Structures are given as C-alpha cells and as structure tokens.
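In the block that follows, a single chain appears as structure tokens, in the form predicted on its own.
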C-alpha cells in the first residue's frame, strides 16, 4: 500500500457492494476517513460489515440514490476524492434494460459527477468502469492491431438490445469523460476491471461474481460449460487500483485491470484440484453448435454465442502496473480463497 495523506477524506459510492466494501476496508485500515453512500442506510444486513471495519469511528454512512439528483451532496461535503462504484450489474434476468441498466448507470454518473463540480474540495474522481467499455464481444479483438485489447479501444458493438450491460458501462464512462472535460477543478481517473473474483466481506449473494462461484459448486454447470474466455482479477487488486488512483498524483486515464485470461473450465479445474472433487463441477466443454441451440433457454442470445464462444481474448495490463503501481495476485489464490469464503459463510446450500 502507499503512504496515505490521512488528512484526505474519500467518498465511496455504493458502499455495501462487493468491490466497494473492500475499498472502504482498505482505506479504514490505513486510517483514512471515509464517507460512503447506500440506498438504504437503515438496512443493517447491508451495512453491518462496514460498521465492523470502523474500529476508530472514521466511517460515515449516508443515504443516496443514483436516480435522485443532488442526493450525493451531503456525503460529498469535505471530501477530497470521490470513488464512484455504484452502478447496476445484471448480465441477464432483467426485463427492461433501458430502465434497469442504462438509465441508472448514465444518470447516476451524471448525478455524482455534476455534484462533484459543485464541491470545491474535490480534487479527483475515480470511476469504476469495466473492460466491457473497451469491447462488446470477444470477437472484437480481431479488429485490434495486435490481437490484444488496450485502453485505446472503445466498445462500439453493444446496444440496448445486444449486451446491454456492456452498453450501460460504455455509456456511463463516455458521459463521465464528457463531464470531466467540462470543468477544470478535478481530474478523472477510470478503472476498467475484468471479471472480479475473490472473497467477499459480506454474506450477500446478489453479486454476479458471488452468484457464479456458488453455481460452480452447487451443480448448476455439472453438465458442462461453453468455451467462454474471461479476464479474471482479484477484488482486492481492483480495490487497490481505486485507492492508488486517488492518492498517486501521476495517475491518469483509463486502466485495464486484469490478472489473467481464463476459460470457465480453467476456473472449474482450479476448484476441482484444490477441493478434491467434492463438488459437482463441470467436466466437459459444451460444443458451440449445441450451446447455440440451447442458449435462449439459458438466458443467452444466439448472437452472443456466435460472437463470444470459442474466441480467446488478451489484455495489455502494463499501464495499470506502471501508472497505478499494481502487483497482481495469482488467480489460483483468488479462486481458491473465493470458493473457501462461500463455504465458510454457508452460501453453498
């Protein structure tokens, strides 16, 4: 960790979330004062773990809503940095992507960043974006110059009707850069993580990452998994990236935060090796033609299967190492500790 100026105060939006909880814990462990926002500040189930970190009474919890203009103002008062993590995260299971994903992602970014423009103490805003703001489908890698994704690429293939979550992150990040350029009080630093895994600090199951890890262990994928590749990164590394983006004066621009590219079967094999075949993990890869046929029944579109299944992806994470001074954890450690956490917390039932 860096040597922090402990006179600085940080606002972390979406404080009860999987990633935000780690950011808050790490900041409090370093003695930094933190404000955070949640939708329901009276919901003990979602805030108890945050209060448990606050041994020196350096955390204040505020109520705020992405769609409520001005609701972040009180929480932002006196803060030097804003870390905006709050955004809806649904890959599937939604009925109206415009209402459930795109509007809150864009409008929430507008509310937080426009409020920051009104607060004279704010020096930097750190935005949680995603690698899906860099590409929409894995086949997009074929358009890159060296068959590798860098921070120079933007997702140009997603829409409301195709990969709407990816579209929401792209829209939100572009809006953030637009607002940042409209003022000169604070600068914007963006974090573009891959698929975040690693142990959770709460027992909540509503994180997509936690839900998927549970599904690996409960037999959801026992009949097999498609050949899908993802860029995996430890939640603690992503949290550190956000914190370093606040406190390193030289931090700037976008940052791909990915440790290693893996397939779903690679992840299953790590769990199988460490936990000795105790769980009904997938043992075969479902052929692409078969997965294409059954995809609509599993919540995937056939267009998604065509453009993603079987296509390997590669990321250049060198800028995050140089600019944010990151030292990535091994993904095996990430996956083992994540699976152990869901066992210890009794989530695999």
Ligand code: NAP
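Model, not experiment: these values are computed from the prediction. Positions refer to the first chain, counted from 1.
Note that the form predicted in complex with the named molecule isn't included here; everything after this is about it.
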- Task: Quick one: from 263, 157, 138, 207, grab the residue that has a heavy atom within 4.5 Å of the named molecule in the predicted bound form.
- Result: 207
- Which one, 305, 313, 66, 324, lies within 4.5 Å of the named molecule in the predicted bound form by heavy atoms? 66
- Query: 199, 236 and 259: each with a heavy atom within 4.5 Å of the named molecule in the predicted bound form?
  - Reply: no
- Note on the structure: Of the candidate stretches 176-184, 213-221, 148-156, 189-197, the one with residues having heavy atoms within 4.5 Å of the named molecule in the predicted bound form is 189-197
- Indicate whether the named molecule has at least one heavy atom within 4.5 Å of a heavy atom of residue 331 in the predicted bound form. no
- Message: Is it the case that residue 335, even though its partner is missing from this view, gets within 4.5 Å of the named molecule in the predicted bound form, heavy atoms only?
- Response: no
- Message: When the contact criterion is heavy atoms within 4.5 Å, does residue 39 count as touching the named molecule in the predicted bound form?
- Response: yes
- Quick one: is residue 60 in contact with the named molecule in the predicted bound form, heavy atoms, 4.5 Å cut-off? no
- Pull the contact list for 136-168: residues with a heavy atom within 4.5 Å of the named molecule in the predicted bound form, in sequence order. 165
